[in-house]
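Given as structure tokens, the chain that follows is alone and in the form predicted alone.
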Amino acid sequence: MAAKRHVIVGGGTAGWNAITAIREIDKGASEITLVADEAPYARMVLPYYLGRQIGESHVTTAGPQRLAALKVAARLGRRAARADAAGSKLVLDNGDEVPYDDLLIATGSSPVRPPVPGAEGANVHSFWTLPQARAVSGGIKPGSRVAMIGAGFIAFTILNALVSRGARLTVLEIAPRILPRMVDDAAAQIVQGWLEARGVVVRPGVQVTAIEDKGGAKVVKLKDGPPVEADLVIMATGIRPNLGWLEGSGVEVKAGVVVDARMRSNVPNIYAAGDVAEGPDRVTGAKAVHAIEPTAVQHGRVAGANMAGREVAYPGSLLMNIVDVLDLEIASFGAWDDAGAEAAVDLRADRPAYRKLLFRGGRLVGAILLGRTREIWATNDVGMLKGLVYTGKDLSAWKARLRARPQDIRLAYLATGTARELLPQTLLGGPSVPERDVTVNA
């Protein structure tokens, strides 16, 4: 009997976790072909590379030796051009055809730049890929003036690194507040004040109209207000999933590739994972795209397990964002912006501390947390809030207490058995195997 042929398109978090899940189960019995335009690396460690906390060698997740050890045939430097679902063939950008028994779409996302004149000019960078991270890192020295366009989660992941490198940073955001897709107005005001007290210029509610050259510098023109001069401009204006190559394939695509609980698309032998997958949402039960690292890990492992023949159902992903900005912990989970939910709020701006819990009946459906990173109540409570939202535990008996004191979640977390439910859970139904310990048979 011929070995099963798995083709993985994309070597990011979702694709690599699918590969290791397959090998964890089949120990090398199948054929795996990886198609990726770059060697596998971890995108979420790029801010640490920018901050010079790690070297480039620590960004890569799998070099040639690791790929060979896992019996992965790598077609690096190539892109998928078309999926021939009827013929079970992947067509590459050079015309080569790669036959498969099953295919995983894990092509991730690409940064989006608004149609602003000058946005493609010199010293204007996105920060999403390793080459882009190299370009940004090489353009910064102590005292460099940096204009960052966008104040969402992506921008905030690199803010620490920019400040640590001595950049004089100005943050520009078209929305009325910073972190508009992560926190509410009250939390955003605290974060803005925190940044400004540490020398970061923050200008929400401004629209960039052009980026022009002025000598060796850049000038960011605004619709209202004075322009911003900078030595380097970073565009952190969002991402979109890489799905254009699926046109005409027969694969159902809405906001992403629509998948079921086993990460299968409407084509039975085609799976999707990560930023390109529109899968189950743990809180709402609807389909959603959660373009975040934890979801990419989970999607990849579940898809890989099912491709390897182990039936694993995915319970759903949780929308969450957690970021540490200049020693301020900021986190949000689930339906943090649910306008119809009951809200319990505790605001202590002078500390600063902020907590918002959102209830639908007795269930905690969303939460926002903000506090100093080194304060135990903030660091510990991030995990407990995530667990309560994820499990959907009935908190009816605790709701009155939590409405009066949103900071006091520890007893509710313990009394409802949330920790006991979370601890034994693994996606693949058995003890987790560290990636470095995944091997194949000789």
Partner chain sequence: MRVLKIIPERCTGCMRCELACSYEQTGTFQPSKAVIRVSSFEGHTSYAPYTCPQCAEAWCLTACPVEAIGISPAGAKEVADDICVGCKLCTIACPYGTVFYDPDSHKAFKCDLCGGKPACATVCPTQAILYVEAGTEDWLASFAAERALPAALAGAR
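The term rigid core refers to the maximal set of C-alpha atoms that superpose within 1.5 Å between the two forms. Everything numeric in this text was worked out from a predicted model, so none of it was measured. Residue numbers count along the first chain shown, from 1.
There is another form of this protein, the form predicted together with the partner chain, and it is not shown here; the text below is about that form.
Residue contact check for residue 260: none of its heavy atoms lie within 4.5 Å of the partner chain in the predicted bound form. The shortest heavy atom separation between residue 324 and the partner chain in the predicted bound form is within 4.5 Å. Contact between residue 320 and the partner chain in the predicted bound form is found at the 4.5 Å heavy atom cutoff.
Taking non-hydrogen atoms only, residue 301 approaches the partner chain to within 4.5 angstroms in the predicted bound form.
Stretch-level contact analysis of 110-118, 352-360, 187-195, 326-334 against the partner chain in the predicted bound form, using heavy atoms and a 4.5 Å limit, identifies 326-334.
Contact with the partner chain in the predicted bound form, judged by any heavy atom within 4.5 Å, is made by just one of 67, 42, 39, 29: 42.
Residues of 44-81 placing a heavy atom within 4.5 Å of the partner chain in the predicted bound form, in sequence order: 44, 45, 48, 54, 58, 61. If you fit the rigid core between this form and the one not shown, you'll see the Cα of residue 424 move by 2 angstroms or more.
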